[in-house]
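The chain that follows stands alone, in the form predicted on its own, written as structure tokens.
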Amino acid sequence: MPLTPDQISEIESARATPRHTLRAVSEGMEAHLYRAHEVLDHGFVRVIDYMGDDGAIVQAARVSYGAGTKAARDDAGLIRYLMRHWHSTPFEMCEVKLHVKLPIFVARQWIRHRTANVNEYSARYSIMDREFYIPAPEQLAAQSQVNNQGRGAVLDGPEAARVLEILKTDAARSYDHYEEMLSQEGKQGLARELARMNLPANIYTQWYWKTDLHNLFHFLRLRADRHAQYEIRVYAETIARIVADWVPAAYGAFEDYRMGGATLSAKGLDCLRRMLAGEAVTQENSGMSKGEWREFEQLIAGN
């Protein structure tokens, strides 16, 4: 279970004592505050704090000091305009702080998004919990034959069972040795900062991750994409559902122009125009490499 009874009690206590505020409030986000959304087998995402809403984006774009006289549909139209034309600073006026519990190997992917403030649980000062990510059988797949960084066919029953047993055994053995090295019962005991190096990459860590909406959208565009690694994608999809409640107009524009939209190169745009004019365009006369052409075909086919 991702949360202990004490943690659940703490969350419910925090939600039971709301405070009056004059700042902008998103009712959709208020419903998420503090609550933990479970991810994977032991992970979670929860909102600790946030700033701004759809109105804050519009306010920053107009540099106004109040709600103004524009209708809600005008605000939504402005947000779509900003998204469509790649304006970024108005979206930076909204921020969110998340508490995330995730496997270390997922954290190492996640931290590549350097446009955030991060404070991670320290194994120099504290002892890591005995919690490891063990994939569900349907997530155990062989290496893809066409993608060097992707998965292929799901492992069959006996092979999946063999791999799962290795993962569980190795994780348990590593943690047993970790505890043994820390032990001071009749021994000096190894320093925590050294003992931690024996822990596997599937052990869970936690961090506070604070970012603005512009950079969060960039994270979601890459990590909520169907081609992203499953283990980080499920975190991104959970965050995306939260963001959709927080800033519905901005998220709608993001879904339309970023997640559901596409970018064409100059050659790709030229090929599309030629196709619409009735010309038979092939990879040989497209001016594209084989890889570019394959991606172009997948794009126009909707794959």
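One rule holds for the numbers: they count along the sequence shown, beginning at 1. Worth saying up front: this structure is predicted, and the values here are computed from it rather than measured.
Although it is not shown, the form predicted together with another copy of the chain is what the next lines describe.
Q: Taking another copy of the chain as it sits in the model of the complex, is residue 75 in contact with it (heavy atom to heavy atom, 4.5 Å or less)?
A: Residue-level check for residue 75: no, no contact with another copy of the chain.
Q: So, residue 21 and another copy of the chain: in the model of the complex, are they within 4.5 Å at any heavy atom pair?
A: Looking in the model of the complex, residue contacts with another copy of the chain include residue 21, since a heavy atom lies within 4.5 Å.
Q: Given that another copy of the chain is not shown alongside this chain, does residue 133 nevertheless sit within 4.5 Å of it in the model of the complex, heavy atom to heavy atom?
A: It does: once another copy of the chain is placed as it appears in the model of the complex, residue 133 has a heavy atom within 4.5 Å of it.
Q: Using the partner position in the model of the complex, report whether residue 280 sits within 4.5 Å of another copy of the chain, counting heavy atoms only.
A: No, residue 280 sits far enough from another copy of the chain in the model of the complex that none of its heavy atoms falls within 4.5 Å.
Q: Can you tell me which bits of 271 to 286 touch another copy of the chain in the model of the complex, meaning any heavy atom within 4.5 Å?
A: Stretch hits, in order: 272, 273, 275, 276.
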